[in-house]
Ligand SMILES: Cc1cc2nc3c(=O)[nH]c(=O)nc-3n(C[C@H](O)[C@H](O)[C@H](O)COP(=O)(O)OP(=O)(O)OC[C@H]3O[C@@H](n4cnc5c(N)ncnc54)[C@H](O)[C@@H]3O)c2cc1C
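Coming up is one lone chain in structure tokens, specifically the form predicted alone.
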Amino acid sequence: MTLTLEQIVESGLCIGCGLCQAIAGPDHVQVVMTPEGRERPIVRAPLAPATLERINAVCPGTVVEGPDRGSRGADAQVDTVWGSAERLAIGYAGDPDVRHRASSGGLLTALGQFLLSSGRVNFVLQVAASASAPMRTERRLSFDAASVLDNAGSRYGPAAPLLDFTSILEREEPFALIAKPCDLSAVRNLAKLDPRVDRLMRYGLTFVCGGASELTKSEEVLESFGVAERELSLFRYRGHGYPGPTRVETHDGRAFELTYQAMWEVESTWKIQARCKICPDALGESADLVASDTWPGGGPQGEGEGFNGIIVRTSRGLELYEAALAAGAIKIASDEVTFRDFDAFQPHQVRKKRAVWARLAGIAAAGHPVPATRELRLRECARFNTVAENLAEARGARRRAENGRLGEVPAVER
């Protein structure tokens, strides 16, 4: 069934990646900030049936697929929860400044810099804090190593890196994408329809994703400090340490900080978007390489030197990993790492991956649309649970769907 954009949004399937605007054009679809603090598409002019079908085929709210098996080598490891890996390791950026300033160990930043300095790509598509409104996030093109570092750092709020992705392809230049797993999923979907994607997007890099918060989460932080958004000169979620504090600075020289634990320790305050709660692939299975935090038990115990868990997904990702290591762009603390170590680093991700099949079944039983999935082993992951656990997840999801708690109100602009 082809869903309208309104149905995708109101069913809680939209994550605000922006690809629908790129496909339809901003005169027809415009992604706006809603009163609830979400970036959502609004239809400005009627969409042709072929355009709507194309959006349905690429939207990561309607289709989420695992990687093409041809992208991995014959010796790749495959795990039921984590998917495939050419290599597992713990590492960090070779440059101490990158390691300190970027999130975690700076691995993705270091790889983005290496891709540019080695001539493998002409630019990196990523997101960064808006220069004019630093609590907001905008898409950036980085053409040199300094820009990649300037744009480094986690952005937990809404982000739409694919707003003009069609125009980026029209540049006819090789590039890399560093973005959320759902953004990578959208681009991989588009690659099935547009051969330019595989020809021009040489690398897709991502992170193990805990979900995207609504902007209202950040607005509550500002309110607690008695700061208005117009006063901001800086809003940094983490970095400058591991994990580093959330830091707010104002134009008149005031500064405020929250520890990572104070910002995120109470999950009920995260304001995670609905799509994230049923995400079939928060582990970045469609990427070439994935970075994660490495906190046993899933959370930091204080500050320290930054480290990244590394999951090399594809043969292309392995070539990049080995070349960056040889060049000193990244360093490895340990390559004696297993999927069970990643279980310990990301226990909440394991729980969610095991729960998703039942959650989707419950939502479908309530008569609501769910993403079509393939090659993500969701049913197999659910078999790690007891029947009672799966029933509880399915019934809970069905009840929340029927009560509207997994959906959204119609999108309107703030």
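Residue indices: 1-based, along the sequence shown. Keep in mind the model is a prediction, meaning the values are calculated, not measured.
The same protein has a further form, the form predicted in complex with this ligand, not shown here; the description that follows concerns it.
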May I ask whether R155, C209 and A291 all come within 4.5 angstroms of this ligand in the predicted complex, judged by heavy atoms? yes
Looking at A102, L115, I311, I330 here, can you tell me which has any non-hydrogen atom within 4.5 angstroms of this ligand in the predicted complex? A102
Answer key, this ligand contact in the predicted complex at 4.5 Å (heavy atoms) among V248, V121, L215, I178: the residue is I178
Partner-proximal stretch of 342-350, 385-393, 364-372, 66-74 relative to this ligand in the predicted complex, 4.5 angstroms, heavy atom: 342-350
Considering non-hydrogen atoms and a 4.5 Å limit, does this ligand approach N151 in the predicted complex? yes
Look up in the predicted complex whether L141 has a non-hydrogen atom within 4.5 angstroms of this ligand, and give yes or no. no
Since only the chain is shown here, I'm wondering whether A159 would be in contact with this ligand in the predicted complex (any heavy atom pair within 4.5 Å). yes
Does any part of L108 reach within 4.5 Å of this ligand in the predicted complex? Heavy atoms only, please. yes
